[in-house]
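Just the one chain here, laid out as structure tokens, in the form predicted on its own.
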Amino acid sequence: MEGKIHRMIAQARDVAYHYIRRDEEGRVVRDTAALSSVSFDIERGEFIAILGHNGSGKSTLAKHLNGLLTPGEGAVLIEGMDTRDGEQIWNIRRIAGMVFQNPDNQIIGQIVEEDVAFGPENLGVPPQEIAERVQEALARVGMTEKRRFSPNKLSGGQKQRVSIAGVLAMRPKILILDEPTAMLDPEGRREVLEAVHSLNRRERITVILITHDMEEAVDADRIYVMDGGRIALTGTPREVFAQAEQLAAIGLTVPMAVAVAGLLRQEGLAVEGTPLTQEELVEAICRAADKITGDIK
């Protein structure tokens, strides 16, 4: 049991949360359940994708993972620290850094390196170490050449990479990204995802990606699918996307390769398995075609 606890960097135990709206006299006029009985264990170094349509609870869950919100019921533990413990909240936020959807809401510096330095400065890091952290963080997201640029002169993808660098400069162990590509064009989306996957593979930073884009979840280690504030499905990408009917029932699609494979099966081509990428789909089609050719011979 101790070994399992040691491996876990983030845990949720029966978490429930309600958004409550009150009138001027303090009476509850709206009580909306955003999370209900959410439980999970995330291991160090994992890449986790949390999927769901708008209003499914995925962004609310993300905000629980670094203490922006705290459970009404249950508990969230980051390296064993309870997010409800006010004395631990800054330690938790050093471990679990968060990147939001709109980089313009997170970038505050006049030049890139000033913005990246902001977090470590607030932590009281010595100036020499701040300079080292800024240089290191920008290199990790491929933005060193832009260090003296104004953020206003950057593309959307570049701005989001600067936002990620600002979090990395605080030396987190978990990177939480709340729909970081939602406002980006395809090139910006590619830049950001490549940077995030590199951080996970090469440096074993635990990544928790909140998204409604099925393609972005294909390379995750595990997926949690949210619906109505609960975890509706969980498993590897192949396990989750094999359940196309269940996903459709909660308003979600599957990656293009999975969808095309399903259409080909309906037309009589025996495409086996659950191909997640274009390359896997081509291989599966070739195997099916070879089998037909062999049967004819």
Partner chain sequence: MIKDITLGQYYPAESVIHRLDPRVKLVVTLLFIISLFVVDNIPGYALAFLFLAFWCGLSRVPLRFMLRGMRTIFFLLLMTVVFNLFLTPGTPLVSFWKLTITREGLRIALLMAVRLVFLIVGSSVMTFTTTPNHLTDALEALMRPLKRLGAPVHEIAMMMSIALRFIPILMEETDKIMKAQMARGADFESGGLIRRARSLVPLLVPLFISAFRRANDLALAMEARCYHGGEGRTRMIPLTYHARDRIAYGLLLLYLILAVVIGRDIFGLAAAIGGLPV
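Residue numbers count along the first chain shown, from 1. As the structure is a computational prediction, the values presented were derived from the model and not from experiment.
In what follows, reference is made to the form predicted in complex with its partner chain, a form of this protein that is not presented.
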Fill in: Interface segment, criterion being heavy atoms within 4.5 Å of its partner chain in the model of the complex, picked from 209 to 217, 74 to 82, 190 to 198, 105 to 113
105 to 113
Worksheet entry | its partner chain contact in the model of the complex: Met170, any heavy atom under 4.5 Å | yes
Worksheet item: Quick one: does Leu68 come within 4.5 Å of its partner chain in the model of the complex, counting heavy atoms only?
Response: yes
Worksheet item: Using 4.5 Å between non-hydrogen atoms, is Ala139 touching its partner chain in the model of the complex?
Response: no
Worksheet item: Taking heavy atoms and a 4.5 Å cut-off, does Arg204 contact its partner chain in the model of the complex?
Response: no
Worksheet entry | Non-hydrogen atom within 4.5 Å of its partner chain in the model of the complex for each of Phe241, Pro275 and Thr277 | no
